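Below you will find one chain, with nothing else, as C-alpha cells; this is the form predicted on its own, and questions on how it binds or moves follow later.
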C-alpha cells in the first residue's frame, strides 16, 4: 500500500516538474507515468536490496527505456520523458545533509553523506546511458 501511495506522489511530483519544464501538455501524462513506474521499481528494490546504488540505477534504466520508447512512438525528444522522470531519484536530502554536516563542522559525516549522494547521482547517469544504449542497439538492429 505504501508503494502505491508513494508512486502516486511521485506521479504528482513528476507532473509538477513537467509543467515547470514546459513539456507539451499531451506528453505530461506519459512523463508522469514514467516517473511513477521508475519510482515503484526503486521502492521495490530498495526494500530488498542491501546496496544503495542498485535501486536508483535500476529505476533510471526503466525510466530511460520507457522514455526512449515514448519518444519514438510520439516523435518527441526523449529528454522530455526522461529528465522529469528521474527527478524523484535525485539525492536532494543527501546533499542537504552534506551541507548541514559541513556547517556543523562534522566533516566525517559530511564525507559519508556526500559520497553516498555522489554515487547515487552517478548511478542515475549510468542508468540513463545504459537505457539509451540498449534502445539504440535494438533500434539499429531492426530492419528499416
Partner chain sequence: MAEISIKKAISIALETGRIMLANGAEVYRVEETIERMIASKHSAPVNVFVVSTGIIVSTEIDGDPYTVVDRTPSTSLDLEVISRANAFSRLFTDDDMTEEHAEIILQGLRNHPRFPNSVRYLFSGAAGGFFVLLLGGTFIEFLSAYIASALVVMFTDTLTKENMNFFIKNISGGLLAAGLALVTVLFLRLFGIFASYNHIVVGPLMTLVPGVALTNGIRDLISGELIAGSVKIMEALFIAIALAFGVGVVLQLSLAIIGDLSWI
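Residue numbers count along the first chain shown, from 1. All of these numbers come straight from a predicted model, not from anything done at the bench.
Below: the form predicted in complex with the partner chain, not depicted.
Put simply, of 41, 69, 61, 28 only one has a heavy atom within 4.5 Å of the partner chain in the model of the complex, and it is 28. Shown without its partner, this chain lists 37, 83, 110, 65 as candidates; in the model of the complex, only 83 has a non-hydrogen atom within 4.5 angstroms of the partner chain. The closest non-hydrogen atom of residue 50 lies beyond 4.5 Å of the partner chain in the model of the complex. Within this chain, residue 79 lines the site of the partner chain in the model of the complex, having a heavy atom no more than 4.5 Å away.
Interface residue remark: residue 134 is not counted as part of the site for the partner chain in the model of the complex, having no heavy atom within 4.5 Å. Using a 4.5 angstroms threshold between heavy atoms, residue 90 counts as touching the partner chain in the model of the complex.
Contacts of stretch 95-115 with the partner chain in the model of the complex, defined by any heavy atom lying within 4.5 Å, are made by 95, 96, 99, 100, 103, 104, listed in sequence order.
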